[in-house]
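Let's start with one chain on its own, the form predicted alone, as structure tokens.
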Amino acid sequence: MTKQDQFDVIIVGGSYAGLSAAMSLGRSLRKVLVIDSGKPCNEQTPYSHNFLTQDGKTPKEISKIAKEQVRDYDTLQFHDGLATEGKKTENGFEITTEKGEKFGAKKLIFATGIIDDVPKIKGFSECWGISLIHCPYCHGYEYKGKKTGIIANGERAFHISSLVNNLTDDLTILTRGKADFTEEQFQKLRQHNIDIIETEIDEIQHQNGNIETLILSDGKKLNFDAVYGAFLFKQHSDIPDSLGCEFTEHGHIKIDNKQNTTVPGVYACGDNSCAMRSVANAVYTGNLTGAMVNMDLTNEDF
């Protein structure tokens, strides 16, 4: 590794949170490397919503504009590749890519996102992010008043149904097994005329990702315009874990109010460390992280 490969900050992940952090640092003339594998979790999502000035734009449009603007800052560099290893060094940290390239930095920011652990149902992956959606704030308005399903159980299903109930009167929860609700929750769901179906789903029939019919294991067919899904997830990168970062009980990287992880010099932003999954929140947490990292570098150097 040469002096040219040494940076003030390495940002792993170049989507909204990572780019926002990069811009914040670039405006403070920090030497930054953004490493990105080019696989955003919302790649299949046709439109992004609930983000001022960009409402209704495609994720690719927003990302393209962001990258063009961030590239204007001379101290920022980009590297296309997958970061696979990270370690602590005498001068900070070292990141290694899948091709064996090594880069060093005083600070690390992980803006690596998460991967949804979605069920292996025929047709599911083709619809995920299009008409099979995860967030009422991001997509719910477009399906207001429509026949809507929720693939979830227990607390997750109850929470989503409470939000979606304001958007449609035609709502069904599909638990894919025995319903796991408290008696009080059952009562609330009945009160709002929300049906519960416990039968497993065999297939999702669709046209270009737009749901038409859910086929249950007993042969019954249900028609929906949109279906929400709430599932467990895993971190997109295992480097934070290998560096010793702690995680919350839900699996997010544990951070404080300044985006610090439990490992000094390592920060996190975006979906990997926050339950609020939206473009707007990713941009906000990235911007905040960039400012916090710059402040720490300033306090060390000034």
Ligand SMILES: Cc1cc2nc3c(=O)[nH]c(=O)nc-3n(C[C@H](O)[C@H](O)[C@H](O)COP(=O)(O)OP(=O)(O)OC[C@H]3O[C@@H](n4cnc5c(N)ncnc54)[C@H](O)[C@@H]3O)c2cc1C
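These numbers were taken from a predicted model, which means no experiment stands behind them. Note that residue numbering begins at 1 and tracks the sequence as displayed.
The same protein also has a form predicted together with this ligand, omitted here; what follows describes it.
Only one of 188-196, 154-162, 134-142, 173-181 gets a heavy atom within 4.5 Å of this ligand in the predicted complex; which is it?
Heavy-atom contact with the partner occurs in 134-142.
Is this ligand in the predicted complex close enough to Thr75, Asn260 and Met292 that every residue in that trio has a heavy atom within 4.5 angstroms of it?
The answer is no; none of Thr75, Asn260 and Met292 reaches this ligand.
Evaluate Trp128 for contact with this ligand in the predicted complex, applying a 4.5 angstroms cut-off between non-hydrogen atoms, and reply yes or no.
Judged by the heavy-atom cut-off of 4.5 Å, Trp128 is in contact with this ligand in the predicted complex.
So, in the predicted complex, is Gly113 in contact with this ligand at a 4.5 angstroms heavy atom limit?
Gly113: contacts this ligand in the predicted complex.
Using a 4.5 Å heavy atom cut-off, state whether Ser28 contacts this ligand in the predicted complex.
Taking the distances in the predicted complex, the answer for Ser28 is no, it never comes within 4.5 Å of this ligand.
Counting only non-hydrogen atoms and a 4.5 angstroms cut-off, does Arg277 reach this ligand in the predicted complex?
So Arg277 counts as contacting this ligand.
Name the single residue among Gly104, Gly209, Gly86, Gly81 that comes within 4.5 Å of this ligand in the predicted complex, judging by heavy atoms.
Partner contact (heavy atom, 4.5 Å) among the options: Gly81.
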